[in-house]
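Below sits a lone chain in structure tokens, taken as the form predicted on its own.
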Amino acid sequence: MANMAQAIRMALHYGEKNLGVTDVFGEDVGAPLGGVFTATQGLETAWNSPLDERGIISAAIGLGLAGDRCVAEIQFADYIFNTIDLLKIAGNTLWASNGQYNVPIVVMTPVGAGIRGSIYHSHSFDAWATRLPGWKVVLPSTPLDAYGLMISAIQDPNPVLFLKPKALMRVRGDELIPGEPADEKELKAMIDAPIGDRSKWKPRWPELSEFAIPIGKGKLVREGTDITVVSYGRTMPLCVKAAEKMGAQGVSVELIDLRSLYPYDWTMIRESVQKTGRVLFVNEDTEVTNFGEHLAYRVTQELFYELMARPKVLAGKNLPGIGLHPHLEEASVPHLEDIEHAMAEVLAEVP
């Protein structure tokens, strides 16, 4: 089974061969490294940009306006903040031009903690991204979803932010990507560059198929009747484990993987909360002005009389930075025990 980095790489290869992708670029995206997480190794259209985030976004906008399909990478989300004004321009161009010009670009960037990256390589961009009108925003939690969402992002006529959870880039999935070999060692031998001299190395790509996951469509990971848990990205696998542990205690947890932050699957959330009457939103972005707060607000506004407990948001601590020491990082973002405790709190509240 592919890990998430391999899944993204295969989706980009499919994009350059079948969907008209002309450029994949960013810092260290081209040979020989193929990206910090190796998600762009072996791609024919990949090239290295200068160390200039504003230049990367500006080039992507120019390529999009010229009619090309490109995927630009900001090496870590921590360094995307000095491009906010340019991202706003990319998002409002279709509206500002009265529908004459669209910007069909993908900007991908790794987000979140989990790699001991300290204050410059550990932060999230979830809430900031959803405040950029005109952009679609996706954040997968499995390799197959990463593949399918990248295919949809490339095809979309709108600008799409593809947020990659750093902590899950090396995690293998339990579902095959259409066309990949079942043996992970065989896949590695085909598409992973060797250590050392790569000057003559070329990947042997599997015969991949198009597999697109619609942007805006969540995934019902687990059906339940007692509480709804909504998550995405790095915290999603933790929520799965928490739901399994609670299930062993007789608690029926309904679990939703949002996958798309904008547009998001409100219908799935609404129908689930109407069934369970209780909801917990979990993510690793900071707790103040968190995207989960918006979802909790909407649940309260639209489903108030159907709730049996207050909606709860479990998120990262509102700190200036995430520390390098493992204990500091672990104390900054939600973990399995935190999710279990939050679920228990929501369940214990009496209407």
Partner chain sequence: MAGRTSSSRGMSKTDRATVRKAKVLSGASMKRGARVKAGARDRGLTLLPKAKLLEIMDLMVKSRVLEERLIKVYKTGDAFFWIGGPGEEAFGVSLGMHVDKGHGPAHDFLHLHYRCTPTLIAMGMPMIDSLRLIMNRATDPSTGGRNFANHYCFPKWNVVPVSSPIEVQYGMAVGTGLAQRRRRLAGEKSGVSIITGGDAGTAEGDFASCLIWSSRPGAELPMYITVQNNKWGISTSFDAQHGEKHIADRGKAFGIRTSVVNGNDPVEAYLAIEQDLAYIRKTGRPVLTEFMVSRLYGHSSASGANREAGEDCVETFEKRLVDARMIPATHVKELWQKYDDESRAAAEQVRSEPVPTPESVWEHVYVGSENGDWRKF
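Bear in mind the structure is a predicted one, so any value in this text is a computation, not a measurement. Numbering follows the first chain given and starts at 1.
What comes next is about the form predicted together with its partner chain, which does not appear here.
Contact with its partner chain in the model of the complex, defined as any heavy atom within 4.5 Å, is confined among 48 to 56, 35 to 43, 303 to 311, 320 to 328 to 48 to 56. Comment: its partner chain is not present in this chain, but in the model of the complex one of Leu86, Val171, Met190, Leu176 has a heavy atom within 4.5 Å of it, namely Leu86.
Proximity to its partner chain in the model of the complex, taken as a non-hydrogen atom within 4.5 angstroms, holds for one residue of Tyr264, Phe162, Trp128, Phe76, which is Tyr264.
The three residues Ser252, Thr276 and Ala344 each lack any heavy atom within 4.5 Å of its partner chain in the model of the complex. The closest non-hydrogen atom of Leu94 lies within 4.5 Å of its partner chain in the model of the complex. The shortest heavy atom separation between Tyr120 and its partner chain in the model of the complex exceeds 4.5 Å. Looking at Leu65, you'd find a heavy atom of it within 4.5 angstroms of its partner chain in the model of the complex.
In the model of the complex, at least one heavy atom of Gln100 sits within 4.5 Å of its partner chain.
If you take 7 to 45 and check each residue for a heavy atom within 4.5 Å of its partner chain in the model of the complex, you get Thr22, Asp23, Phe25, in sequence order.
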